[in-house]
Every structure is written in C-alpha cells, then in structure tokens.
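Just one chain is shown here, as structure tokens, and it is the form predicted alone.
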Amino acid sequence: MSNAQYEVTIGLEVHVQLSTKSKIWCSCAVKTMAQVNSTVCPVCLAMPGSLPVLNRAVVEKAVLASLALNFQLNYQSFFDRKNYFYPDLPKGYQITQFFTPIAEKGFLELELEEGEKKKISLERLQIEEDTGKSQHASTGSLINLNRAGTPLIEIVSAPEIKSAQEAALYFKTLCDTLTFLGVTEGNLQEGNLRCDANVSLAEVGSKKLGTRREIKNLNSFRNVEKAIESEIKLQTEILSQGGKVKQQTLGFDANTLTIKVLREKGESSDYRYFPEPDVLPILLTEDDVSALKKKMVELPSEKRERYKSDFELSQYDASVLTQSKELALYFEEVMSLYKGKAKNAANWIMVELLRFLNEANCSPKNSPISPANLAELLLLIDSKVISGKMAKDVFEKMYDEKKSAKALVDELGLSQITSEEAIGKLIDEVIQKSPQQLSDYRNGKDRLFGFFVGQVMKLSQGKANPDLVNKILKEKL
C-alpha cells in the first residue's frame, strides 16, 4: 500500500504556562532562571500537613483564554487527582481537571494559504499544575522542583488536523493568540508552551480511526512539524508491511529527526482519577465573566483583518506584522505618527528593521530605532528631503548611533536638492562637459539618457532629486 492510501488524523494537546507572578497553590514566585530548588515551600514539596490554596490570577487567565478560543465556560468546575509515581512529582499525584474542566467545546480558526480558513474544534480547556524537572547525568539523576506547582492550562483539540504543516500552523496560531492576550509569555525556548501530538493513520474511506501514538513534549513549531512527519512515515511503513501499530508514548530527537518509543501508552483508568478533596470548586458568576470580557484585547486574527481593511495591506504583510504583539504595536505606533501610506511603513519595518533586529536577536520593543524615529524618516522621504537610497544609509546610522533621522540628515549634510534652478545648473554643466554623448543621444542613441542621469547624480553627490533630474534632463536634451 502507498502513503496515498492512508488518511492522517492528528489531535494536539498543548500545555500553556500561565504568566502569573506566583504558583498555582502557593505564593512561591514563578522564576525560570532561579537557583535550583530555591523557589519552593512546604506546599511545592508536598510536606505532610501542607494544603493548597488556589491562585485567583490562574482562574482569570484561564477564563480569558477560554473566551479568546470560543469555549463554553463551565460556571462550576472541579479539580481532580491524577495518580502516578515519578521522581519529579513529590505528591505522587497531579492536581488537574478531569471530570469537569473550566471550559469545553471551543474552536480555533486557522488562516490557510490564499486566505482560506479552517476551524479546528477544541474539546476542553483545563487548569492543572506543572511537575518538577529531572536532570539526568552519567552519575545519576537530580530533581529540580522550582517548576513544581507552576500554573498551566491544557488545551485539547479534536482529531481534525490533517497534516504536519497544519499541526504546526495550529500550534503557532494558538501561541500567537494566547501571547497577544497576555495569558502566557509565549517563550517556547523556556517551555512556556509544550505540545503532545496524537497521530493515527487509517485507510482512506475507513470510518474507524487508526491506532494513535502520542509524541510527547514538542516545544517548537518546527519540531511539531518534523516529529509528525517522521511519525507518519513510520506508521506508513508499519502498515504497508502488514504490521499493526501499537498504542505507545513516543519521544522525538530534534537533532536526528527520529522517533523513539518511551513506553506503552496508558489509558485514563490507569491514573485512577478521583475528586481532589483539598481544593474547593471554581464558582464563576456572570459579573466575574463580564469583568474579564472587558480585559479582552484585539487578537492577531482581528488585527490582520483590520490591517487589510483600514491600512489596505495584503494578507502577507498583515501576517508578518502580527507575528508578535511587540511588532504589531511598533507598526501601530509608527502609523499613529506617520499618517502616510501604510505600505511604506510596512516595507521599512518588514525589510529593513526586521533584518537588523533578527541579526542582533533583538525584539521590536528594544529596537535602537524607536517608532517615532522611523516615522520621522518616512516623513523626510515623503517630503523629498532625502531620497530612498539616502534613507537606507541614514537608517543604518540611526540603528548604530541611536540618533534621530533629522539629526543625522543635518549632521551628514544629506538634504536632497529639490530646487529646479539648482538641478538645471548641474545638468547644464554635465551637458557642457559631454558634447560627444549629447550629439550621439540626439542622433538616436536613447540609452545615453542613463549616462546623463548618472553624471548629474555623481556631480550632486547623490543629493539631486531623481524625479526632478529626469524631468529637467528630458526638457534640456
């Protein structure tokens, strides 16, 4: 059987670290780079007699996420114990929401190529705690419990994703949405979002899904795509050779792009879920939800539509400018000061600014060129004080020296020559020095027009306005 005879079905479970100052059950700080086992307390360490107290900010951020993802809120939800034994789980169980999560039945809309859109159903959004972290070495394993009790939400999609590329797009769209909302910092390198991918293959036309295997802890858009591609290839080989796919939990090696089996996958009954006796139910009111709705911000998909309608930008430009909240805010601040064509501002940001920022691994928020300075540069170009070519030189110096556009133009003497009389004199001088070229041009060698333009620009040290040079030169020739 060929790969074309199989239909791929993918469901994603995404764990999102919430951007709260303290942990979910105690007042210990959430710090990524803290000294090992320094941000812990009796609750984090599961000392006898210690009891959890729910952090209100966790609930608020979970509700905001639910609203952004079109979920139906459960105004009464409960916590449960998921029982399993592992060194980085000091209690011997994880507090999560299994039977009644805070939200169910939502959807996330993906923007596919050429403006096509697809809705992915979301089954549930639940609140839970993170575990500690095991650090393995040749001499043994050590446990860092700083992460224990870090607040998470888990978002589970329906099995409606049909390719590795679509899965990566889903993960990125979800990350962008929650980062814009301030629910999470969205730093994938620090594990703010981690994804488990359930992948199954079945013969085309089959009404029954194939046996799924779960790839654990994918923490980048690229890894989601590559891991799923590798798993699809593996399952295709197994099925095409007449074998059977076993229900297993898998790991992905990002360096070798290979899948490895970690263990046989358990069922929910293996975790012996039961209601958590030490944490009260979450009881939401209409007033609570109304107050949180007022904290909603414009989401990436909404910004893209506004950029296309209000600023007349293309789908591509709008997508690039909303790739991060910081970049979108930078663009909007430039436009609040510039008032010119949005396409001009978009081009300078997407081509010039992002090139410098990416090379320096710098965020738009910390850009050496402020939105006000870029707006000033654009206004100097529009008013023909400097040419586009001059502007690129000024832009580079603005970035390196952190000076304003106008200050650098004055300092470098780069103001463009826009006087028709002055440009006419330059052209007269060039014509006088080039009698043979003038004769050849007037005898039909039209290509020599470029020679005259070049000589005028050289004589003016690049300061003559190119449009005026072309206009006056045509008249004089």
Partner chain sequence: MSTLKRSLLEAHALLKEKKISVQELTREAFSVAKLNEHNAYISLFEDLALAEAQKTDDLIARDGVKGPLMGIPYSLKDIFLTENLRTTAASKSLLNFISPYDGFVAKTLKEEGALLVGKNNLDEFAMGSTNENSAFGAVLNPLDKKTVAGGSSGGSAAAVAEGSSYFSIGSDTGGSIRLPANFCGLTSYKPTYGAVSRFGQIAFSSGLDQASPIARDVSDLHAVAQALLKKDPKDNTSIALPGGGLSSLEGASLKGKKIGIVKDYEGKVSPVVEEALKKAKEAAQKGGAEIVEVELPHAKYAVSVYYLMAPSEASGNLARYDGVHYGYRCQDAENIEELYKMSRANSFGPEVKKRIMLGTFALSVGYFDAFYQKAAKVRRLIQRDFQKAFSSCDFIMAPVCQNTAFEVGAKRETLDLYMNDLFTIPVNLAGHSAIAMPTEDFIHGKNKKATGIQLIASQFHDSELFKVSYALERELQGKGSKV
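Numbering follows the first chain given and starts at 1. Note that the coordinates shown come from a computational prediction; the quantities given were computed from them, not determined experimentally.
Not on display, but discussed next: the form predicted in complex with the partner chain.
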item	value
Residue (of 46, 431, 67, 448) lying close to the partner chain in the model of the complex, criterion heavy atoms within 4.5 Å	46
One residue of 108, 279, 329, 350 in contact with the partner chain, assessed in the model of the complex (non-hydrogen atom, 4.5 angstroms)	279
4.5 Å heavy atom contact, residue 83 to the partner chain in the model of the complex	yes
Touches the partner chain in the model of the complex: residue 356 (any heavy atom, 4.5 Å)	no
Non-hydrogen atom contact residue 91 with the partner chain in the model of the complex at 4.5 angstroms	yes
Partner proximity in the model of the complex: residue 270 to the partner chain, non-hydrogen atom cutoff 4.5 Å	yes
Site check 316, 340 and 368: each within 4.5 Å of the partner chain in the model of the complex by heavy atom	no
Residue stretch of 389 to 397, 270 to 278, 192 to 200, 357 to 365 approaching the partner chain in the model of the complex, non-hydrogen atom distance within 4.5 Å	270 to 278
Within 4.5 Å of the partner chain in the model of the complex: residues from 141 to 173 (heavy atom criterion)	143, 145
